[in-house]
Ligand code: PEP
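Shown below, as structure tokens, is a lone chain in the form predicted alone; questions about how it binds or moves come after it.
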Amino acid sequence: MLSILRSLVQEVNSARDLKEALEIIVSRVQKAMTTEVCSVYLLDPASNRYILMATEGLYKDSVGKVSLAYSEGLVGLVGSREEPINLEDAPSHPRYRYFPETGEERFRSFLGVPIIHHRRVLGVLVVQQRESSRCFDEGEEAFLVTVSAQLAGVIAHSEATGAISGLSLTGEETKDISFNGVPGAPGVAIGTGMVVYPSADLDVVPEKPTDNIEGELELFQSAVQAVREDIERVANRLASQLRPEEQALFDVYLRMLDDEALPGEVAIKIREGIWAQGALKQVVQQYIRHFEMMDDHYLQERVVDIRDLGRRLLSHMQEGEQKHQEYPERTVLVSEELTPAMLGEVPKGQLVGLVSVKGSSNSHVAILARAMGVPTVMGLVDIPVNQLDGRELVVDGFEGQIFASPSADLRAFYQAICEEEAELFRGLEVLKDKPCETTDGHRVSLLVNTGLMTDVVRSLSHGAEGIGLYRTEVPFMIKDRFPSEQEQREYYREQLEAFAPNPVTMRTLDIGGDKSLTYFPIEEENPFLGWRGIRVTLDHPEIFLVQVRAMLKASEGLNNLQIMLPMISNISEVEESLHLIYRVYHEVREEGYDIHMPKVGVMVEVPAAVYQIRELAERVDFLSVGSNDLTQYLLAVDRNNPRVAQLYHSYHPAVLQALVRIAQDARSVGKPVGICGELAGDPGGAVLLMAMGYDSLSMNAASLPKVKSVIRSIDREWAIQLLEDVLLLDSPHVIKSCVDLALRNAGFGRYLRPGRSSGAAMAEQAVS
């Protein structure tokens, strides 16, 4: 059964569309279980009915025509109960529903299992048997459950592919197709999808038509010729070192490049109107599918050769493409996994939105997107990104939704939201130079998180009082080597000068976790619990010392530098870091630089640090909570994993209790405490943090005007009462709703995210 299952998954994964995938499933399962009927019913989201989508054993004419209400019949019972149902005599069951057009009256035994993906019932997989005495045994039931679980993701992905092309399961035209992810950066963007993908990776090449058939043929033929010459050159160079049978492997490659072989089939696809890279992908995947299904071990091994040949051809084609990619005027950048480098490729002023399959609202790219003010949706795990190239897209960064090919009504709805947001910020500009204090005189410092110089310009225009977190890893991430001391010094000086005399808090290099350097790879099974932050730089003091030296020299004459240590979990890490910082300080002074010793603080991100606040505070000048990582570690939720994104919640009671304890312990020893996580940039979160006693709140620049407006309009006693009320609650969602309701009642409803139903309801209204 295991080998059957492996073969089945391979075949289904390589199917061209949902129809072919389902036909493969019913055919192979019927054969594997030696049963007379295997059928797949899928739940159509538009009608909320189960539709017979494929069958082996029932009348084929009934496919696409037979449908059941959500809870109708045995199929509906399996779906609503979300568990298998195994019956010897199905017609005698009170929920049995007979459809004459299927011819199923001949079959009495019934086994149905639900197809569930991410808690959503997609459909039901059914096998039936004529013999009334047969009851499918436990092994068969377990096999069918395993098949269902293995294929749920494939079916979800295929459904999404069909939906993007504008067709429902029934083949009817649909509009305003929405896909749900998680919010990455707030705001709404309307633009044209631009799919970007890693080079020489066939799997991520998007499907695109072409009008320039001759140009694509020429590009492909030149790639074939270049690869042929590469192989011949290598074969000649190694001829004296290889035996004849080994030399023959090069002949295999060259034969596959003959015009009547792979290149001929690709050329046919191109002439059908498919761009060269997409045509190559289709042909190579077809070859791989055929070879993997063969029983001959030697032929199965040729899959590696075909895949390698495909990559070589693709690499040459991508090199031959125009080097300067043309980006749409309003670009929505789409990728399997966005990187900071991809964001930098888009010409200034043309990037309006971001969509990423991988990542979550607290991944590093999402944080950068918020700093840049670009609406972003992450974690769209089931969306076939290669179908989005060139399509008009709406990116709803408030709700974590995207809409493909929106109708005029839906576009107008979201355009109105864009205009309302712009109007709101224009109205808040008057607060730029006013202090952030409550109506009863309680003062809170509002700082910004930065990483790029563009953040600084936006921060100053929004009235920031300093930098609460400068991510020094950003200059490291945009280079292909470690930046020199002088290069780092220039980066740091820009930030320090822009905000002088206000404080600029620079976090020492924090790599590992979701922040990697291409030239200093960290490969770990669990990077968030591994070698990251201060652990890396203390193991590599040469990196730490150069960075601190650059910071200190950059601060000369300004003296507004503060240094912050990330990922602290032990007192010894603080003491060792302080020893190195003092050493560099004295060395730089001896070199003749007139500098002051900067304040040094630690980031409270690890649960262990929560219980050592007093001990840490005795050794440093200030404390700053990194609430994103602290939330992740307290809840044991990888914040980059969209499968568990719904479990990551900044308003979780445990998170709030920890934040309260940190503020109390810091206050008890007289040390200032700030927070630089995303919770600080949420108006409701900022109110609670101010009530807890945090001295400074650091956020992305776009959030600052809203937070300042709210805090300046309330008194601290009101905020403290709200905090006391929510600390009695035990659900993060109830706490968030309670805070939102309090802000709405206080007149701040316009600052809250639109309700989740807003875009979806508008879409439904537009369709109807």
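Just so it is clear, the structure is predicted and the values come from calculations on it, not from any experiment. When you see a residue number, it is the position in the sequence shown, counting from 1.
One more form of this protein should be noted, the form predicted together with ligand PEP, which is absent from this view; the next part is about it.
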item: Contact of Ala691 with ligand PEP in the predicted bound form (heavy atom, 4.5 Å); value: no
item: Interface membership of Ala464, ligand PEP in the predicted bound form, 4.5 Å heavy atom rule; value: no
item: Non-hydrogen atom contact Ser627 with ligand PEP in the predicted bound form at 4.5 angstroms; value: yes
item: Interface membership of His652, ligand PEP in the predicted bound form, 4.5 Å heavy atom rule; value: no
item: Candidate stretches 383 to 391, 149 to 157, 503 to 511, 488 to 496, one within 4.5 Å of ligand PEP in the predicted bound form by heavy atom; value: 503 to 511
item: Contact assignment for ligand PEP in the predicted bound form, among Lys281, Arg549, Lys515, Arg312, heavy atom within 4.5 Å; value: Lys515
item: Listed residue that, although ligand PEP is not shown, lies within 4.5 Å of it in the predicted bound form (heavy atoms), from Met603, Val78, Leu447, Val687; value: Met603
item: In the predicted bound form, residues of 650 to 685 near ligand PEP [heavy atom within 4.5 Å]; value: Cys676, Gly677
